[in-house]
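Just one chain is shown here, as structure tokens, and it is the form predicted on its own.
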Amino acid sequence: MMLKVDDIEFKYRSTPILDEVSFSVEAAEVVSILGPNGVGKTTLLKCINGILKAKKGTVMVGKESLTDMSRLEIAKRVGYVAQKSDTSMATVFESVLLGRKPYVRWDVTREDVRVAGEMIDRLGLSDLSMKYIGEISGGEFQMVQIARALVQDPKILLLDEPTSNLDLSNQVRIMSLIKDTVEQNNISAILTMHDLNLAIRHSNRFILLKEGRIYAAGGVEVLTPDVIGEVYGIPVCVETIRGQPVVVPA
């Protein structure tokens, strides 16, 4: 088991956001957290990463408790791509290279530069590598953030709406890259997603949140019209097209 989340509870002041959230993720799995806006998806990722401190519950990475780790130790195990991030005057290459920071002792090594360069090439960002972050598009910046998380060489990859600013081609490209990386490196990825059909195509399992609790969890079999309708408050049909389930508003 790569990650275990047990009985997480979280409140913003006195407002409950997450209540008794428990699940586990195996190696080589992509798990999508689904649900409407404001249901606690981003908060859950931040609790898993230790950015927010849960009122109750534990997060285990392998056999280690997150609460026993320093921020540096967490960064070596967990890569996090936020939904929003500030831009800076760093270049694309420098921004990706920052993902190697947990491994840098005195100075950046040739290995760090090589890893960053290879990831930039892999994501098709080579032509942008010397551009400043403030000069590139929102979609390109999203891909830079994903590249930075991947060069951390994490065991757990957390991505908050990783395709939200991407066009159709890059949505498929990034999701395919995430799935291939997870399988090839035997790590785990947890994503928050709004696009149900993109999640279905690229995920192994699904967690559906409603009012801060897990309403349903499992493989594609849990994505029934009844479950989706209850979680999102809209009637849907689930059709099969070329062997792939597709969610369509009724």
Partner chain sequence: MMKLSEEKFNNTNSAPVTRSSDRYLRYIARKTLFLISCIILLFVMMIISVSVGTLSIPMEEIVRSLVGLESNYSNIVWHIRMPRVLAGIVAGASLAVAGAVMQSILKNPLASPYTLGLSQSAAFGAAFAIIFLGAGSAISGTTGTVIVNNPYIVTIMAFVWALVGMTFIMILSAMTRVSPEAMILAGVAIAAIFQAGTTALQFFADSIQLSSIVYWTFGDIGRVTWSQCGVLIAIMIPTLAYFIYNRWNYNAMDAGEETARGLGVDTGRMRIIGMILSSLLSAVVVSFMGIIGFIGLVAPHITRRVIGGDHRFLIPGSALIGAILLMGSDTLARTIISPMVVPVGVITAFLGGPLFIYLLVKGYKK
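Numbering follows the first chain given and starts at 1. Quick caveat: nothing in here was measured; it's all calculated off a predicted structure. We call the rigid core the largest set of C-alpha positions that still match within 1.5 Å between the two forms.
One more form of this protein, predicted in complex with the partner chain, exists but is not displayed; see below.
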Inset, instruction - Using heavy atoms only and a 4.5 Å cut-off, decide whether all three of Val108, Asp121 and Arg173 touch the partner chain in the model of the complex. - result: yes
Legend entry - the partner chain contact in the model of the complex: Asn165, any heavy atom under 4.5 Å: no
Legend entry - Distance check, Thr181 to the partner chain in the model of the complex, heavy atom within 4.5 Å: yes
Legend entry - in the model of the complex, Gln145 touching the partner chain (heavy atom, 4.5 Å): yes
Inset, instruction - Spell out, yes or no, whether the shortest heavy atom distance between Val115 and the partner chain in the model of the complex is within 4.5 Å. - result: yes
Legend entry - Answer range among 215-223, 65-73, 27-35, 191-199 for contact with the partner chain, defined in the model of the complex as heavy atoms within 4.5 Å: 65-73
Legend entry - Residues in 134-154 close to the partner chain in the model of the complex, defined by a heavy atom within 4.5 Å, in order: Glu135, Gln145, Arg148, Leu150, Gln152, Asp153, Pro154
Inset, instruction - Return yes or no for Ser126: a CA shift of at least 2 Å between this form and the one not shown, with the rigid core superposed? - result: yes
Legend entry - Core-aligned C-alpha movement of Glu161 between this form and the one not shown reaching 2 Å: no
Inset, instruction - Answer yes if the CA of Asp180 moves 2 Å or more between this form and the one not shown after aligning the rigid core, and no otherwise. - result: no
